[in-house]
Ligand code: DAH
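In structure tokens, one chain follows: the form predicted on its own.
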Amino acid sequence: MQELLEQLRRQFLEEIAKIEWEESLKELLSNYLGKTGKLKEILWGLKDLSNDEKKTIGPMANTLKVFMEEEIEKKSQELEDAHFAKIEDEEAIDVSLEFPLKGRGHRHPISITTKLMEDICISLGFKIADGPQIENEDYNFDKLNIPADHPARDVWDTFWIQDDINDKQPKNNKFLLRTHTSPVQIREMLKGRLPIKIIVPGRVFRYEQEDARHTCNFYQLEGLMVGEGVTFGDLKWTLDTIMKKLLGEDTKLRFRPSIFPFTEPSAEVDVSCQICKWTGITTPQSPPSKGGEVVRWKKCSMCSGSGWVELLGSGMVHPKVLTACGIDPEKYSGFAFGIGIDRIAAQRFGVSSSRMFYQSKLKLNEQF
């Protein structure tokens, strides 16, 4: 019996060494350790042995059984490792290789311009702030010194949220699509953490007649600085620096007195048109003839032939706005400005109409 167990052990090792597949291993397990396996046959013969022989052969048989189970488990792990190693070898990818990609896509001109403007303002010490696109009229109008009976409120043709929602809202808390990013300035000032130096890039909505310079959905970047000793000179230097970094060092700025409810004094800021190079005219409507006829030049649609494009509104934060936000106007002052990102993109990329950015023209967008 002892020789049979040793012979079975040698036979098992020879067969398991030749196995290359998991199915063959399962068959080996059944042949040796199954209910009708070879080891089982030997163990059935124990009943014919004497008690002394049973004490010797029994432990030997159990030891062989444990040995076989361990060897099968070990072989199973080897086969699994070999299987996955083969897969890794067949599907190996060299991630350091460069693959030509087609139709990958790229950033929209508005996104490119926004990122550039953010980088410029961050280099000047501004931080980026954000807020909701659906606002209440208190933040969008009232706290900006534009109460319901203020004539300046008529300037904004507003997209209001549907009546069945707003009818349930209390006075000065009706919802609308924000007409400017200025409500974010209010939110920041209400936090009471001074000094403040932020920019607010974002999407705004106004019910306007669309033309080369106006769309009902556009992007705006507003800046706000509030602290002690802030002056209009700081505002002029900031805007001059931003515009020259955006459009070139030869860019000219023109400040025109204006009226905004939330700033005092206020100024519209015009920038020398980059489309017509400050001339007010673009390409001729017809090519010059050989007969020496006078060439009729086409008026620049971006600047309406003036050579200047209105890109910014600016001014010193109105004392009433500071007071509404819990800031002492006797101690603190500040400036604010708003820039049309769409118009900046049109000027920077030489696009004659900012409407083109929203017309899904891949032929335009793929140029940038």
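In case it trips you up, residue 1 is the first one in the sequence shown, and so on. These numbers were taken from a predicted model, which means no experiment stands behind them.
Below, we refer to the form predicted together with the named molecule, which is not included among the displayed structures.
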Only hit among Y219, F262, F126, Y139 for heavy atom within 4.5 Å of the named molecule in the predicted complex is F262
Among 249 to 257, 194 to 202, 179 to 187, 72 to 80, which stretch sits within 4.5 Å of the named molecule in the predicted complex, heavy atoms only? 179 to 187
Quick one: does A336 come within 4.5 Å of the named molecule in the predicted complex, counting heavy atoms only? yes
Distance check, K245 to the named molecule in the predicted complex, heavy atom within 4.5 Å: no
Does any part of R206 reach within 4.5 Å of the named molecule in the predicted complex? Heavy atoms only, please. yes
Mind listing which residues of 313 to 329 have a heavy atom within 4.5 Å of the named molecule in the predicted complex? G313, S314, G315
